[in-house]
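Quick setup: the structure tokens below cover two forms of a single protein chain, split into structure 1 and structure 2.
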Structure 1
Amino acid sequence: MTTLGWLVLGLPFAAAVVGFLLPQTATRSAQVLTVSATGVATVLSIIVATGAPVAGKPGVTLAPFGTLTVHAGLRLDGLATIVAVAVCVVALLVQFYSIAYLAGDDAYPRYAAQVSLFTAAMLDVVLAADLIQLLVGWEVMGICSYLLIGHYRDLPEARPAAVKAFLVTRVGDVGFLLGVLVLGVGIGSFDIGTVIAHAGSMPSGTLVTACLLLLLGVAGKSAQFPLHTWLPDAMAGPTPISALIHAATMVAAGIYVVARLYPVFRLHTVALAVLGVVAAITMLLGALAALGQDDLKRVLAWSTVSQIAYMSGALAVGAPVAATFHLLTHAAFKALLFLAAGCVLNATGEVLMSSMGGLRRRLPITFWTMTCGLAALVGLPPTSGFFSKDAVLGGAWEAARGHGGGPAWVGWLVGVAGLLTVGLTAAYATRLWLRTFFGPAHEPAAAHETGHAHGPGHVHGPWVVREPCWIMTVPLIVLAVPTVLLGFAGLRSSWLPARLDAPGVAVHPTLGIALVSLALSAGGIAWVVLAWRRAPGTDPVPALPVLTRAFYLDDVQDAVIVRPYRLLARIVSAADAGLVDGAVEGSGAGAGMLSRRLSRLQTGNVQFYATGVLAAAVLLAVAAVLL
């Protein structure tokens, strides 16, 4: 089983390596290679997931650092394998989808290799038995996201977005690295099993520090406040990449790691409380910001921010199963939503909702699948989102009543924020739905937006809005299945909860909470629909700059971090060149000046020399007397 696990991890990696070495013209071979590798990996991951769990063994010695040793191994328990399946499935669909979406791209092999590497990195995070090994995957994802977001090099916003994505997550990663180190040093091992087993023996201060540091990394990777700023900008990448980042990889990694190390986090409530506060802020922030966006993908991106906060909220209130459950359902419906959005963009050549409308009839498959996705996002029964979100809110309620892992106030906080967010989610989802698919159809402009890959026929000539080819629609249909049905998997404790190492914790919807949240959803939907009715085709939500600009947090970040950093860099550079190097150059110049001064003594006048000699002789004699 371990060998299969290594294959799951290794196949995408091998595909990535080969893909990087392929000539950039070998598009076809790259497609075959990466899709088949990911496909096989998917099959294998399913086999592994259905097999018996394998506890992590130390495995290969990777880095013997004396008193500490890093191993490479696999931890194939239920949580890991089921998430791995989700990763593989989404990755496979993305690879498949990309064949069409990026047809004609001049750097396809590189792109496909990067996606494979991304997949491999995420699988490494999921399957790793060692924290450092996990960290490797964790950060490789960062660089892959950088490369993929910046894939369209002609798109002006792609480069800064890519840099931002990498840097912001990197800031979080410092915390993550330090957290891992603190844990590893404190316990004397990086093995996850050992860490979980012995974390309790660590001094509580150290442990809390480690957890908080890890949370910093989680916030970066999973786009939680205040490190969430990169995610909306990351839309500059190709849409399949957005699907990949938002659904199964990258943002999920943070949640996954907390779930993975949940026994450690549970030891002290401080970290969970912090996580809860962050989650509450983030989910409201994300939902509100989503309400103000015009860019279709940006709405989805902010919704991811908000939905991931549900998961972290669930973790904060001591409901890791709910978190994982939501992670899985979210993976399905968010992948679906993004891929569908990709179809929309591909069909219309537009990214702004204000330029869309009335696509319902022209893109029926997209419309219906996206409707499923949005329903799941809102949490309408019987879609999967309903169940998972309900589980999260139920967890919060349990906590609020004092039955959860964390303090009650965290439960209240998460629960109230979660309920509010339900309403907001319903509002922005409806807004998106209406503005994209209903209302008057916009005449597509010429392909003024150059960044996206268009079918060869789309670049020139009149724009024809039609359903994309089957390669792009099949993944939508495939994803629609779990989007709708996955929720039922949690109903019986022997199904999903058992796989998640939480036997007996079936995820039943709680009636009261379900009613409240449904009522809020309905309220949100009704508000938007009513506004839409009043003026079809226009934005049903007033465009508040504060929402559009996402509470100006980007500007805050710019003013508080980026600008001071630039200034500091300039000052340090100048000081280094002026003072430190100046001292060096100055000593050279000083020697030269001294040389000039001293050489004036050599006047050429022999009498002066004689004076020097005799005076020196007298001085020597006097010195001798004094000594």
Structure 2
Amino acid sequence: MTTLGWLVLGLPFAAAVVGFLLPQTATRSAQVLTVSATGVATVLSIIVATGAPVAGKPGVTLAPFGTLTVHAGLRLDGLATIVAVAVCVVALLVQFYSIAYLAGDDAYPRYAAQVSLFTAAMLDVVLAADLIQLLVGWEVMGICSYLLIGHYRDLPEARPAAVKAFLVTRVGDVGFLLGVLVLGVGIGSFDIGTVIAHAGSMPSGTLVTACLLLLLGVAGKSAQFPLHTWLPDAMAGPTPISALIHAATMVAAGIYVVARLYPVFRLHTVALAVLGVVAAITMLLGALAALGQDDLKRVLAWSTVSQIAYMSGALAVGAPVAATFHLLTHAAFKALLFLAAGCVLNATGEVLMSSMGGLRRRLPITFWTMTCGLAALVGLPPTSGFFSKDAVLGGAWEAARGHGGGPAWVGWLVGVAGLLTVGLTAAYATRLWLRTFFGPAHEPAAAHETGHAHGPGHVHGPWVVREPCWIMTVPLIVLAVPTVLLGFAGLRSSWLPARLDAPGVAVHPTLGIALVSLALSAGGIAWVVLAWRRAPGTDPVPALPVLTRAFYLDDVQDAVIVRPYRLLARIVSAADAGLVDGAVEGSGAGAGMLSRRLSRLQTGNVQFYATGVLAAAVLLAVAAVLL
């Protein structure tokens, strides 16, 4: 199994290396290479997941780190192998979907190679048996996200969005790096199994410090408050990349790391309490912000911020199985939603819901599959989101009653915030559904000659709104299956829970919580539907700037951090130019001026030289007498 595990990780990496060496005109070769490599890796990941778990082994020695040693090895337990399958499946569908979505893109081979490297980096995070090895994949993901978000080089907002994503996540990554070092040095090993086994022997203060530093990195990668602002702007990248980032890589990485090291985090309630507070704030913030967006992809982006917070909340209340379950179901329905959104954007050339409407008959496959995805997002039975979201809320209720793994007040906080978010999620999902697929149709005038912000280029001329080709619709149909059925995997403890090393835990709905959740969902849906019926074709939710601007947190970040930093940069630049460079340039100018002055003394007159020597001798004599 270990050999197969290395192949799962190595095939996308090899495809990336070869892809970077291909000429930019070798589009067909890049398509065959990346799709084939990811497809084989997907098959192998399924084989590994169905086999016997393999505990992490030291593996290959990479380098000494003081008295410690860094190894490269694989930890193929149930958690790692199941998440690896989700990563490979979504990456494969994204690569396949991109063949049509980026048709005609002059940088496709580079794009496909970057997606393969992104996939390999996430698989390294998932399968790594060593914290430093995990850290390598963690950082490579950051680089790949920067490159992929900024893929549309001619799009003005793409480059700033890429830079913002890179810098904001780097802030968290500094804490993550320090947390890894504190754990490794404190325990005397970077091996994940050793860290989990001996974390309890660390001093309490050191352990809390390490966990909080790791959570800083998790907040950055998983777009949690206050480091969440990069994710909505990242929608400037290609829509398949949005699906990959939101469903199976990047934002899922932080949740996975906490689940991977959960025995360490649960040793001290402070880390879980901080995680719970952040989760409660983030899930409500994301849902409210989604309610105020007109951009289709930004609605889904804020939805991801909110849904990732559900996973954080489940971990905070001591329900890691529920968190992992929701991670898997979210990977299915969020990938489906983004790829369906890509079909809408490809067909209409529009990104604003106010310019859409009446698409359900023109895009039937997209409509029905996206309906399944939105139902799972809301948590309507029998979709997968119903089971996983109910598991999270059930874990919060158990913690509130004092029966969970987290503090009781954290259970109340996460539970109440989660229930409020259920109603808000139903409202913004219904709003998206109605404004996109119902009401009067809006006819796009013409395609842009060089493409648009969120899709491939098109030939100039009248835009025909129709279902995209089968290469783009097949991934929707494939993802609709787990979106609807994956929730049943948690009903028996011998199925998914057993693979997650929780053989006695069945993730089944709790009647009371399910009824309250469905009532809140019905309330959110009814509010939007009634408002829509009063004025069909208009926005059923009042346009509030505080929601559209996501509570002005971007403006606060700009005022508190960006502008002072730029001012400081200008001051430092001026000081560098005026003092440092000025001193260097001034010394050169002074030497030149002195040499010119002295050169005037070279007259060639012997009498002048003799007079100068005599005058100097007299001055020296006078000085000798006086001193």
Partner chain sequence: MILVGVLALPALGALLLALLPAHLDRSARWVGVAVTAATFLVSLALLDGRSSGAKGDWQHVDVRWVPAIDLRFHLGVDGISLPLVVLTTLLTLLCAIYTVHSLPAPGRAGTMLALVLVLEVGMVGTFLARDLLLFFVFFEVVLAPMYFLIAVWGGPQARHAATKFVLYTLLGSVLLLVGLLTVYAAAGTLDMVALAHAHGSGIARSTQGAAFLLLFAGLAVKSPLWPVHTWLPDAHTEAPTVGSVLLAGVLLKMGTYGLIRVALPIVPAGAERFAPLLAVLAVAGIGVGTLACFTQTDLKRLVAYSSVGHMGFVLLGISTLSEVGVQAALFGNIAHGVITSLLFFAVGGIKERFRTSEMAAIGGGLAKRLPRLGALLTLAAVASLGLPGLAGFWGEAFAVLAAYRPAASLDRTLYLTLAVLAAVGAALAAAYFLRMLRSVVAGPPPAAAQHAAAVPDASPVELLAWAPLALLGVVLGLYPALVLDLTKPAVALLVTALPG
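Sequence positions of structure 1, starting at 1, serve as the residue numbers. In this text, all values refer to a predicted model and were calculated from it rather than measured experimentally. In this text, rigid core is short for the largest set of C-alphas that superpose within 1.5 Å between two forms.
Is the form predicted together with its partner chain structure 1 or structure 2?
-> Answer 1, the form predicted together with its partner chain.
Would you say residue 570 moves its Cα by 2 Å or more between structure 1 and structure 2, aligning on the core?
-> Where the cores coincide, residue 570 still shows a C-alpha shift between structure 1 and structure 2 that is 2 Å or more.
Examine residue 21 after superposing the rigid core and state whether its CA is displaced by 2 Å or more between structure 1 and structure 2.
-> After core superposition, the C-alpha of residue 21 moves less than 2 Å between structure 1 and structure 2.
After fitting the core, residue 580 CA displacement of 2 Å or more between structure 1 and structure 2 = Comparing forms between structure 1 and structure 2, the residue 580 CA shifts at least 2 Å.
What is the Cα shift of residue 589 between structure 1 and structure 2 once the core is superposed, in angstrom?
-> Core-aligned C-alpha shift comes out at 7.9 Å.
Rigid-core fit: what Cα movement does residue 617 have between structure 1 and structure 2, in Å to one decimal?
-> Superposing on the rigid core gives a C-alpha shift of 12.9 Å for residue 617.
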